[in-house]
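We begin with a single chain expressed as structure tokens, specifically the form predicted on its own.
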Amino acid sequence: MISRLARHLTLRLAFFCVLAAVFVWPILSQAAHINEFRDVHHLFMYERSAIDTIRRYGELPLWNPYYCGGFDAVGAPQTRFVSPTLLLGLLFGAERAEILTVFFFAVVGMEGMYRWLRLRVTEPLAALVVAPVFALSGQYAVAYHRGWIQFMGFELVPWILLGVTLAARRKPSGIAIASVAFATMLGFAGFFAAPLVAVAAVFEAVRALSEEPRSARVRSVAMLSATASFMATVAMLRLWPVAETLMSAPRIMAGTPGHAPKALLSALVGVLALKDGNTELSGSFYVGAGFLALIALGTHHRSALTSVIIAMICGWLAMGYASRISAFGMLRELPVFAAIRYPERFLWLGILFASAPVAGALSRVPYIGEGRKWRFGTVLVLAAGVCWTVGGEIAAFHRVALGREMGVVTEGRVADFRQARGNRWLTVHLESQNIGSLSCYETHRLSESTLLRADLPAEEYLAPDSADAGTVKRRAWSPTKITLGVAVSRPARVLVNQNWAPGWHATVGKVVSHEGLLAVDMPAGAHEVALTFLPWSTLGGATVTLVSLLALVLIGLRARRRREIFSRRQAVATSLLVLVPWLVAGAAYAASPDDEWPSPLLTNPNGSPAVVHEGDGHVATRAGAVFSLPLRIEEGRVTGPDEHQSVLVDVYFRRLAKIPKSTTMFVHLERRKDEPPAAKDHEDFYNADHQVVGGSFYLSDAPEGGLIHDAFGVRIEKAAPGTWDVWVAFGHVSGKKGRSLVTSPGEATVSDHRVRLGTFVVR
């Protein structure tokens, strides 16, 4: 029996490896090159700097000094080296490892889909044929073209769902499978896919529970609860540092993304091709029309009903705000899901769950008719339809992968690390020369010190008020350790041209934050001081992860002897094993010696505070307009246009009571109606609607009663000459539910429930 299972596994994996090899074969010739797509540089640099830190300096890649002034590498959501794929990079180099990573995840994704489908499909051949559809679907081609390699971690979702279902069936192996798969996905920078995984896991848990007998559901719920707990604690090595980072610099995303059903259909069946060096929505989730037809064919059996309903819900979510009742909008009301940006990614989950009815069609439809010829012919036609889909997916991947602009990273590392103004589209090339780029953009607001400077004479120096106290000389440098020779006649502060973060420690003196800059207060005298980055969040997280894995092993050993780990006799012991990692996490958190991050600065893009005090000297037009939503615009100011053809707008308002998360500020720049008609190449209206104040917080999170200053600019490059008005209103982010009524205009001019902030003239 064991040899037969092993033989089937070997043959299956061989088949998947051949398919994955065909998938990546044409791009093997580019293995030593780097994709020059704009997003690639800082994402790929994260991986490359981790590999260089280990190879060149023999250190763990805990700190990345090459971007934005430096940051906690393990705590950055988009670093992907905290996963087994790091071994590929160490063995073959970052460039070659990328293609091997795609190959590896494609095989893992196909095997995971096969095992997950086999839970509900009795025919192995049907599961084998359908498994590649999700694992090779169009979005992986898009991700590879754009350098979003971290989305290959989504191939682990079938494994997570496999674990959830097995746990619901009271099999302890399910807890381990789901936990390890989830931790690996997060280690591979899967944080932005995690909300989708949470949705999929909830769907799968509900479905799996509904399939269990009522008498067993209490224990199934206990198993699922243990699974959720271990998914969090096994991933704590990444969860703790990333949570610390995002608490100090939240990722706030807003907007009103939405797609009509026709556009989503085009994403599934359209031709995936490049336009102006990038992909569009059409074909970006390609599975082909044949696959959709097979879904419909698979619905003939009631066992497919749940999968089809879940797939339809995923399609509804993928519509975003385009549907009258937006499931996506309701989901974004939840704290964990507030930063979801692209609703179309729910099509991924739709494809995943829709694969079950397709496999069901292959395993059941041939038996509807009679005779061997009918069955053989039907299987052949249906399998050919799936193979046509897989062939189209592989062709789409080849088409966009071979259309990338490729380059070569030259090795020319300078002896001493230094910061430069740089260019975030060239960060890989700068890192290869041991130069940090201060040109910074991330998906969350990095805590970047305003005192960072490019091309300083020395990267370590005495603070201005201590400049005459002595000297500072660099003795040695590596990404996580800087050794300095300091000789000062009196206590002095040494500044390092990198960001401060919790986890920096000094052998002499005390590490402090000097307006966000890494600094150390030194006593008088001659000292050799070593600054080392070793954050407690990573140490504590790693400890919790190890304890969790040990607890899983103990649960597995107990299950081999007693099977039901939540039976009456075993429930207490199992519950203790589930709780132990959390107790360790609590103790580690309480014992942390590191300083905490200060509260995030609430600022506008121009650096002005987003929460201001009365009488701070702002000069603006009085309004005092009150809306039916508990909001009041106090003042407004419009200046410009300036030499860059930008109009600057300042809005001072208060939130008087609780408002929905979906509240947005409508900002209309409108040319007056009595002006002469605009020329065809000119505009007479601009929209600057937004949900977030200065990128710092949602309108709904503004301090109640506090005076909020929202400052922003609007580019009006093609504005028609004449007098323009700037109007402000509030309402639902979709714009489909009308505007909040102006209940009291105060001193403001009001039109169509919009308050005029000011005017400007375009000449």
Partner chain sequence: MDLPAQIAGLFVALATTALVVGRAATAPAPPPPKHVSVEDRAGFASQIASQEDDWRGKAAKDFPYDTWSQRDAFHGHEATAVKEMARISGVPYEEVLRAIDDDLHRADGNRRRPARNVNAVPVKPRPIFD
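Owing to the predicted nature of the structure, the values given are computational and were not obtained by experimental measurement. Think of the rigid core as the biggest set of C-alphas that the two forms share within 1.5 Å after superposition. Residue numbers count along the first chain shown, from 1.
Only in words, not in the display: the form predicted in complex with the partner chain, which the text now covers.
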Only one of 574-582, 473-481, 449-457, 318-326 has residues with a heavy atom within 4.5 Å of the partner chain in the model of the complex, and that stretch is 449-457
Close approach of Leu430 to the partner chain in the model of the complex, 4.5 Å, heavy atom | yes
Non-hydrogen atom contact Gln419 with the partner chain in the model of the complex at 4.5 angstroms | yes
Though only this chain appears here, would Asn606 touch the partner chain in the model of the complex if you measure heavy atom gaps against 4.5 Å?
-> yes
With the partner left out of view, is Ser599 within 4.5 angstroms of the partner chain in the model of the complex by any non-hydrogen atom?
-> no
Single option in Leu707, Leu60, Val714, Ala720 placed near the partner chain in the model of the complex, where near means a heavy atom within 4.5 Å | Val714
Partner-contacting position among Cys440, Ile555, Val508, Val308 - heavy atom within 4.5 Å of the partner chain in the model of the complex = Cys440
What residues of 518-551, in sequence order, lie within 4.5 Å of the partner chain in the model of the complex by heavy atom?
-> none
Classify Tyr686 as shifted (yes) or not shifted (no) between this form and the one not shown, where shifted means its C-alpha moves by 2 Å or more with the rigid core superposed.
-> yes
Classify Leu602 as shifted (yes) or not shifted (no) between this form and the one not shown, where shifted means its C-alpha moves by 2 Å or more with the rigid core superposed.
-> no
Return yes or no for Leu60: a CA shift of at least 2 Å between this form and the one not shown, with the rigid core superposed?
-> no
